[in-house]
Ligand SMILES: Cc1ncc(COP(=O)(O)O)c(C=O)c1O
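Before any questions on binding or motion, here is one chain by itself as structure tokens, the form predicted alone.
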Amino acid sequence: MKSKSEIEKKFQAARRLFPHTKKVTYFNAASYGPFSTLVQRAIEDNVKLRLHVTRDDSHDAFETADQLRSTFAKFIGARMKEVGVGLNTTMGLNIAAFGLPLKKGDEILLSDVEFPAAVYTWRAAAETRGLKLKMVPSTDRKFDIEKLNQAITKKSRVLCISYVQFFNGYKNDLKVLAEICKKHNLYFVVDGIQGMGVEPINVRKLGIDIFSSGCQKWMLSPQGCGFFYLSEKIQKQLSPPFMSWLGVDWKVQFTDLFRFDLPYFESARKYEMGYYVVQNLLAMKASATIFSDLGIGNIKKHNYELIDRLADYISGNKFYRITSSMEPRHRSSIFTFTCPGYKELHRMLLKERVILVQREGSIRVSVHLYNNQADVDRLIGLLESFSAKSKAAGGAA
């Protein structure tokens, strides 16, 4: 086990991989993560190779995809055969919505504060397959397990929920939800993008059926890439909602393409769509090495310590109010707060090169592995200045 000083040195070295840290303070991984120089190099090397084509690299993508399936499986406690390389979170949600064995009249349970990706995917499935969407009411804009239990009927068949809510960082208790799903024989589908890379998870132990995550946010990879998990049990029940010619095993031998009787893969790979976006695979692979080196558990601890520093200040300044949960089982690397004139505050922070966003009446701060105490102290200094000016003006910002 590494000492605290050794771990701190690793985070300092990781920060040096992100050039943006020299000029801006970036708290927006929940929208789109910045690139490291490792990602830059992976993409540039591939561009050079494709410019000069000094060798045949047409099969490289398959080896890279294999490595990614193995890596992501380790990250989430899955088996390699249960992981497929995807394009975004929605790809895995579509496999669930159009592939699960559902019948007309079956109910799909969703949170009324769910991210639109899940809602619109299931809405289309409901309209196409004759399903019924049931929105579970939240309490204080947080998912309410008691109301979930009240919403479940004999027709309920699926619970689809985000691991972490996008706008306030509320981390849902997947263990309790998995137990409820098991008790009521519900398929358990999780949108994992706002927790992936910053919250340790073991999908097999939890009993999750389908887990899907894009990698452009916390996994610090390009847009248009991600992965999905399909449990071995659920793979046997799915009907393919779509299929490509790479859903079968060619043994990476493309010398006889008039083989139309090859069996489909008996793994999540069956649901991958066509040829890969190679630059994305290479970039994901490069970025994943940072997470493997630091450890997701250490990243979580690092992020929480920075948020605690900010939360202590917010709690001590009556001008501001915390709007995210700080309860241990529900907090995450997303921290939100609000104040009078929060929109003006946001404009001021952007002008000062502190990059973050507004979400649902709050300022959202997404702390990640490349941030440090100096970043948080800089934000605190700007918040102190804003609150002082607002109070001097009679509280009207």
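No experiment lies behind these values; they were computed from the predicted model shown. The first residue of the shown sequence is 1; numbering continues from there.
Here the subject shifts to the form predicted together with the named molecule, a form of this protein not shown in this document.
A.B. asks: Of 115, 265, 319, 276, which one comes within 4.5 Å of the named molecule in the predicted bound form, counting heavy atoms only?
C.D. replies: Only one listed residue qualifies here, and that residue is 115.
A.B. asks: Sort through 235, 90, 156, 71 and report the residue having a heavy atom within 4.5 Å of the named molecule in the predicted bound form.
C.D. replies: Looking at the other structure, the residue within range turns out to be 90.
A.B. asks: In the predicted bound form, does residue 221 have a heavy atom within 4.5 Å of the named molecule?
C.D. replies: Flag for residue 221 set to no.
A.B. asks: Taking the named molecule as it sits in the predicted bound form, is residue 291 near enough to touch it, meaning that at least one heavy atom pair lies within 4.5 angstroms?
C.D. replies: No.
A.B. asks: Taking any heavy atom pair closer than or equal to 4.5 Å as contact, tell me whether residue 166 reaches the named molecule in the predicted bound form.
C.D. replies: Residue 166: yes, in contact with the named molecule in the predicted bound form.
A.B. asks: Within a 4.5 Å heavy atom cut-off, is residue 97 in contact with the named molecule in the predicted bound form?
C.D. replies: Result no; residue 97 lies far from the named molecule in the predicted bound form.
A.B. asks: Could you tell me which stretch in 255-263, 268-276, 82-90, 135-143 has residues with non-hydrogen atoms within 4.5 Å of the named molecule in the predicted bound form?
C.D. replies: Looking at the partner contacts, the answer comes out as 82-90.
A.B. asks: Residue by residue through 181-204, tell me which have a non-hydrogen atom within 4.5 angstroms of the named molecule in the predicted bound form.
C.D. replies: The stretch 181-204, when checked against the named molecule in the predicted bound form, contributes 191, 193, 194 at the 4.5 Å heavy-atom cut-off.
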